[in-house]
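The data below hold one chain only, encoded as structure tokens and taken in the form predicted alone.
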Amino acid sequence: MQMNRKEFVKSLMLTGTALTAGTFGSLEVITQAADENAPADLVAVMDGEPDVMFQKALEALGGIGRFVKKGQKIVIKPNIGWDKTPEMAADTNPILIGEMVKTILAAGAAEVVVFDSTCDLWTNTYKNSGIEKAVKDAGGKMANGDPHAEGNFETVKLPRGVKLKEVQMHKAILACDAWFNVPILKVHSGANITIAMKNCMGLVSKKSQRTFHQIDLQQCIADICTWEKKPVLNVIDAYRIMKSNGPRGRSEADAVLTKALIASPDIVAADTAAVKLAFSVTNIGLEKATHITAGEELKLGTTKLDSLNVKRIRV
């Protein structure tokens, strides 16, 4: 028996795999103060596929040329921490990453390298997330993601860090000319929520990651973001959001299909907008993600979105 649309949507809601407009935070929670004659500082896009939303955001931000120069070596840093399929929303959407690789190469980049210091076995996470195939099909390269291999890392100082003063940084990020930070938005058992700032933990070795937890996880997340080579753009994948049992997830019922994307060069603003957008799904506000406000105190960006040129786009 065929279901009509109303019955279909109801069944999806019951299984936790989709959301209607009434259950997911709308774009109106993010204040728009757009100067149409200037590139946006932050863009929030909804109701499109990952590749389409990225292109819409990029256009509003002023185009890829704002972030990539010809001949540059570029790194894309997604979340590829877990051996899960895209439907689980544990890792960044592979369609988004593939589109970014193609776009950056078309802009004249010499190469695009993608990596993460993974939690599960890196070869499995790369494959089963779908990201490895998407990257290679688009002409990019995957760097070794073994978080335990000392040969992958080099110690760097964090002179502006409050509690974290040095880390073992992945050599791929050290060697690049510019990099894109592309997390997936999801809840997290330790940090409460993981977005762009938290994604920077994947730049470092497992040994350094353990230090975050031993010292002060929220402050150390802010401290790692003080490293001198900032991402040129933060692109937050909220196509699916893991609303429970993060960061790994247990089943597809932990994820909801929300079809959203946020992009900004300002890492604090990007995370602030993502928290606002997803509050109705996660029930997590800035008071539970103190690494974001700690980042503002370190002058890494602003939580005051009304001070920025913000554009909201519905596909």
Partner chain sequence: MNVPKYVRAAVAFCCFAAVVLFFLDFTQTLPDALHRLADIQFVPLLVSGSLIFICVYLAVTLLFGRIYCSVICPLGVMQDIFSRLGKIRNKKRSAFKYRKESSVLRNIFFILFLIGLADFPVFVTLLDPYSNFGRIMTAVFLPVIVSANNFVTEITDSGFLRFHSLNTALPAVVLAAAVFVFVAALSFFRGRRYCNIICPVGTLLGFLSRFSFFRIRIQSGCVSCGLCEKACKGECIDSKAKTVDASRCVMCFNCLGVCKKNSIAFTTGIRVHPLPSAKTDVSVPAPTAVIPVQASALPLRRTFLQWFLVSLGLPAIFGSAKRAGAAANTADAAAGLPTGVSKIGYKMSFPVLPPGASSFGRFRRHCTGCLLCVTKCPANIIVPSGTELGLAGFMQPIIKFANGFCNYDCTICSRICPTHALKGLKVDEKHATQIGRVVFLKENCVVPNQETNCGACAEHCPTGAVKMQPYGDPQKSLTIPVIDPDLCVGCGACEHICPVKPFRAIYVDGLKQHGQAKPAYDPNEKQKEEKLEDFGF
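Numbering follows the first chain given and starts at 1. Note that this is a predicted model, so its numbers are computed, not measured.
Keep in mind that the form predicted in complex with the partner chain is missing from the display, and what follows is about it.
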* **Site check K198, N245 and E287: each within 4.5 Å of the partner chain in the predicted complex by heavy atom** => yes
* Asked: For A178, is any heavy atom within 4.5 Å of the partner chain in the predicted complex, or not?
  -> no
* Applying a 4.5 Å heavy atom distance criterion, does K171 contact the partner chain in the predicted complex? -> yes
* To do: Indicate whether the partner chain has at least one heavy atom within 4.5 Å of a heavy atom of T155 in the predicted complex.
  => no
* To do: Evaluate A110 for contact with the partner chain in the predicted complex, applying a 4.5 angstroms cut-off between non-hydrogen atoms, and reply yes or no.
  => no
* To do: Could you work out which of K229, R210, K127, K73 is the residue within 4.5 angstroms of the partner chain in the predicted complex, going by heavy atoms?
  => R210
* Asked: Quick one: which residues from 225-259 get a non-hydrogen atom within 4.5 Å of the partner chain in the predicted complex?
  -> R240, N245, P247, R248, R250, S251, E252, A253, A255, V256, L257, T258, K259
